[in-house]
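Here's a solo chain for you in structure tokens, the form predicted alone.
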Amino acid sequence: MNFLDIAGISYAYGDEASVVDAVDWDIPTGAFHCLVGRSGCGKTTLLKLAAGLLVPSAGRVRIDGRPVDGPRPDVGFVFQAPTLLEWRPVLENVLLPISLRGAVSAEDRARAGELLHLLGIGDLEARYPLELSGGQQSRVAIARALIGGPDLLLMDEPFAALDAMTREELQADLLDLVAARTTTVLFVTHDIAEAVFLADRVAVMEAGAIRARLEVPIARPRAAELRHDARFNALCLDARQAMRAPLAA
């Protein structure tokens, strides 16, 4: 059974035309899917509908067979900006979701430290956000989203503001982390190469609808050298052509 099941979902702001228009999408357990498209095509709105942050005007979303009617503790969300609390050190930022639900245990702190170590910033847990680079802040945000062991991770262009090398490093780290935990992921990006490198399947969005569905039949784990592979470049070209096709029509 698909872990995330989106069926005929639509959403409009007030009396405006639908921002998301009758979208169907499903993700099997442990799969990594990407939504790619131009700015304003409805990607982020669809992600918020999947998270229960918005209520659809039509259609439904199910996670693990249960209807989504609001935010859930088994769903992690990573926003475009890290949104860290400046007055809390790194470790306390990671533990924020736990502390909002109750007392933080020694096991919670150990798990947070392990996540930071796996993300390459285990020595920075006492620093404050303003003392971190953009890439380090993004790593903290990922650790915070994973601290509760979510079954589904929703990510909204979390690496868009980073330099190319840092972005590629974080992509590799993310793939390792979610593979180790069999986490299901829906990742929004406007970067075609990022989508193809990360995903098992790519949805190309335009004007609120899915215009193309592209499988990425490349084995995991995926090394950095994949970006220079002919198969990778051919898939990127397919996605780019799919993005252009609706506009040409």
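Since we're looking at a predicted model, the values are computed, not measured. Numbering starts at 1 and follows the sequence shown.
One more form of this protein, predicted together with a small molecule, exists but is not displayed; see below.
This chain is displayed without the small molecule, yet in the predicted bound form the stretch 34-42 from 34-42, 56-64, 211-219, 194-202 comes within 4.5 Å of it by heavy atoms. Mapping the unseen interface onto this chain, Cys236 falls outside it, with no heavy atom inside 4.5 Å of the small molecule in the predicted bound form. When the small molecule is considered in the predicted bound form, Val19 lines it closely, a heavy atom lying within 4.5 Å.
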